[in-house]
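Take a look at this one chain, the form predicted on its own, written out in structure tokens.
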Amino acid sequence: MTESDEPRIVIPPRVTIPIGPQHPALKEPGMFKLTVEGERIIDAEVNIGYNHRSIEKIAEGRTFLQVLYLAERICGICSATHNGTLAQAVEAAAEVEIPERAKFIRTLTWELERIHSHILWLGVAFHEVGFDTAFMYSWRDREVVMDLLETLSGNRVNYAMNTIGGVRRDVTDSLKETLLKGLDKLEERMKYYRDVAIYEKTFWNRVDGVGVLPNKIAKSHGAVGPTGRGSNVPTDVRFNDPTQAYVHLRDSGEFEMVLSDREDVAGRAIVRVVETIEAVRMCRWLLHNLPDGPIRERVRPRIQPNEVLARYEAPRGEVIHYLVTNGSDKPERWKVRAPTHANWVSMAYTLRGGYLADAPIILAAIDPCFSCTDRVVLVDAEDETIQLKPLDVLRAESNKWYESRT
């Protein structure tokens, strides 16, 4: 056997594959650069910032009530999350306590939205692994909760249910019965999807052991929501720092935080499915224990100088609204920290070492929302200092840059 006859080990070349910023799987723009050797992902780079809309800056020229509806349009799936959390912030700044009945109805709206968000994610997860039959079924049943939200608020998307001082619409006895019937149907269907997600090999074999995020890494990388709880990180604002009617839900002893120690995409899927069933039970408890009384407390238009932070457990994880008031009817500063922002770093970790074919479901596993997350920062490349520029200057420079490209 000559030297030329000896078998040679061929190392596949490293190739960088761009996914995005425009692609069919995600309806919002984001760029993921995956470096692969053969089918294995060696490194992953996340580039976002294509979808900035200047909402925080626009809010500085609007009244608190106007900003409330602006906040609702940060994200269509989490519209009640953002406007409800902002309402909490304004109420805290004004030092106003809203009625108990309003707290229950606000919490009910939030949990219905969680059901909607998780069912939507489950359908996307089925689609990402090629299980389109389950995708169609789950999105058919998603219509049930959207109909309930429309019955409750008048809208299927951007519900405009929360307002400063409480909620806009009450729950009548007939509406209560309608909601309970819909919740019964949702619970039955979600128990079915729980079994499909765990026992159906079409789905399970594509998520079992995929996108591993160890508990230690989840903590060090700041993972939140189902991403963190899927790695056994016990963080859920509803239980750790409850507000509104969540105080009563926690103290009832009937509900507990959903955790999984699997540390993979399967664990994140289990957390979401079981959380949806828990959310249905929470909604039913809220309706059965709904207190009497008004649904709104009057709040003066001008809010005293104050600095507050409101947070809530959105479907994707902890959302934070930081608000500074100055005695006028407009905010001095409003800052939103969405949960997707906290999960980008951990998501990049879960991609490394996996197969290229698993990248879509790993990306979808954090349920990313770009419009919730994207911000803009200008950095001087010479001294690496952050430059703060007025909106009109930034707009003029943007126009000048685009004109130079044409």
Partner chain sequence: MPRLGKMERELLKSASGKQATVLYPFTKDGLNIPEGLRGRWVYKHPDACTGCKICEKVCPSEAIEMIECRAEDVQTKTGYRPVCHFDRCLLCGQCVESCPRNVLELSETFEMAYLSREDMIIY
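Positions refer to the first chain, counted from 1. Computed from a predicted structure; not experimentally measured.
Separately, the form predicted in complex with its partner chain exists; it is not shown, and the next lines address it.
Engineer: With its partner chain left out here, work out from 285-293, 272-280, 149-157, 105-113 which stretch has heavy atoms within 4.5 Å of it in the model of the complex.
Structural biologist: Answer to the contact question: 149-157.
Engineer: Using a 4.5 Å heavy atom cut-off, which residue among Glu177, Asp184, Glu297, Glu200 comes into contact with its partner chain in the model of the complex?
Structural biologist: The residue from Glu177, Asp184, Glu297, Glu200 that makes the contact is Glu200.
Engineer: Does its partner chain get within 4.5 angstroms of any non-hydrogen atom of Arg262 in the model of the complex?
Structural biologist: Taking the distances in the model of the complex, the answer for Arg262 is no, it never comes within 4.5 Å of its partner chain.
Engineer: Is Phe255 close enough to its partner chain in the model of the complex to count, meaning some heavy atom within 4.5 Å?
Structural biologist: Close contact is absent here: in the model of the complex, Phe255 is far from its partner chain, nothing within 4.5 Å, heavy atoms only.
Engineer: Against its partner chain in the model of the complex, would Val171 count as a contact residue? Criterion: heavy atoms within 4.5 Å.
Structural biologist: Contact with its partner chain, no.
Engineer: Please tell me whether any heavy atom belonging to Arg302 falls inside 4.5 Å of a heavy atom of its partner chain, as the geometry stands in the model of the complex.
Structural biologist: No, Arg302 stays farther than 4.5 Å from its partner chain in the model of the complex.
Engineer: Scan 312-347 and note down the residues that get a heavy atom within 4.5 Å of its partner chain in the model of the complex; none is a fine answer too.
Structural biologist: Contacts from 312-347: none.
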